[in-house]
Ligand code: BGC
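So this first bit is one chain, no partners, the form predicted on its own, shown in structure tokens.
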């Protein structure tokens, strides 16, 4: 029977190594460690990322920094090195327990010389103490006796995309603990790691502490007896100068405070912390084991990337699980991932939104550089909130050529996406203080950007937005993208309403903020006038809204025309070919109707769904699209389409259906899957001052149960199918 809390690998296939490294990533909201083996394996991508620790990679971008790996061990069994690349693998089982982030692996291995060993590996980063990681190895010789030697090291020579970002500062031994101090080369963030080792529960064993420069190590040598199990345990801490003034002292103190043989107590604390998370965030599905496991898998990956103690970091598009997009944050956070936290863990949502508030200086700098006013948030954001989208990247088809990346220049809808997320958090939480102290400044200053970015056309007597990219990135340099224009109008209307609320709620705060941002009554009046005159395309005779000016004149075609295939339409047609066609990476109009449903009637939504869906590359286009399509399909009563798209999102990483899971978790798809279950099948809808449900369960689902927070109170929704009730 399938355990619906565990991701399991029972057959080792080296070709799937990158996929499982991503899928089995462990984390605790402070760091993420890819699911590599404890011992070295050729082609691995051994990586640990810590939130907020970025550094420059020559020449074009900034990247999350790969930390020294806390899991790597060299295991020698009577002189033979343990490696799955050698010898015979007699038995293999690896699993990640989503309830506790515990990764276990059990193998029976026969060495090239015929020695058979049973090896069991256990490790987890603690959710109770985010700076602490625990690792254990049990080794049982089955047909031999002799020395078993294990060496662990903290290696300052780790690289990020073949570039070393660490500058070594110091290393040493403090009692039974090794430590390492380093600093990033450009951003000058200091980091310290410390590690101690126990054998059979004791720090007293035959050990060697080789003090190789940049690689402090500890080795344990034990005489193995046939049939007798030996237990090796490792406890590691990481602190950075973002956390405290003296990372080395903090790392050493953390380990010094551990009790003798602390393993069981530490794991119990970790389990308790995780239990509290799951009590608030779990979704129960009865009647569909695949959907149940996929939802928990997605929720787990959101939770392990969620900053609980840091409001100056965001969640990158690939979370903390891989090198894709360099750890940069996009609109993926605010529109796809953040609703999960807003509805279940508003404390974390508040941290993520505070990241944007703290990075207003970078947004203002970007607006000024473009010749605009106010705050324009960057398309890709990293440590300090400045624009970090690469301008040029190597062409994957020809590494000698470069491709111009325009998203950082003209994909500008993200400023309204952030405002939308702020308003959603405010409505759900009722957190007026946050809106007064932080949210209002973000929304109003980015409204100033839109007022300066809009272009007046005296012929149409309307404001337009030219030369932009909408969410559908197959089409660039377009005019009057419907999603961008409608959200701009919404943003300006919202900013004026917020300003009026602020004046009545806290006149002193309003006066101070208006003075700071150079906003007055005339400004607000102008915004209202501009909002009403923003060109927002209306339905034509067929009830269709044109995605952007001239879209209907593009080369007609359907995504199915290119099936069967194993790659995106853009990969088949090329960048220019896809741009000239009507094929979409994701349907902007459906995204617009999902976010602002009050603007469109059911007939208009149906007409646009029917038109744009077959023109959308849902299988290999954007991973963001299927979950939204699923929600819109449920609202139109198309349950079969809804479930098909739900499972497209569900299988993105757990099954690697897109073939790129090795780059990291699709964080937006994970967040979108939660939304598809709750807002789609669960039918949760939020009005101004109340919530209600209009459930649309798939035919074979017997039950859907979830919780969410409404104005500080936990709400329980438990939906059962008619068959279940009877």
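Here the structure is a predicted model, which is why all the values come from computation and not from measurement. Residue numbers count along the first chain shown, from 1.
Below: the form predicted together with this ligand, not depicted.
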- prompt: Among 72-80, 327-335, 248-256, 215-223, which stretch has residues with heavy atoms no more than 4.5 Å from this ligand in the model of the complex?
  reply: 327-335
- line: Assert contact residue (this ligand, in the model of the complex, non-hydrogen atom within 4.5 Å, options 131, 153, 585, 105) equals 585
message: Please tell me which of 184, 111, 424, 622 lies within 4.5 Å of this ligand in the model of the complex, judged by heavy atoms.
response: 622
message: Taking this ligand as it sits in the model of the complex, is residue 473 in contact with it (heavy atom to heavy atom, 4.5 Å or less)?
response: yes
- prompt: How about residue 193: is it within 4.5 Å of this ligand in the model of the complex, going by heavy atoms?
  reply: no
- prompt: At the 4.5 Å heavy atom threshold, is residue 450 in contact with this ligand in the model of the complex?
  reply: no
task: Examine residue 379 and determine whether its closest non-hydrogen atom to this ligand in the model of the complex is within 4.5 angstroms.
output: yes
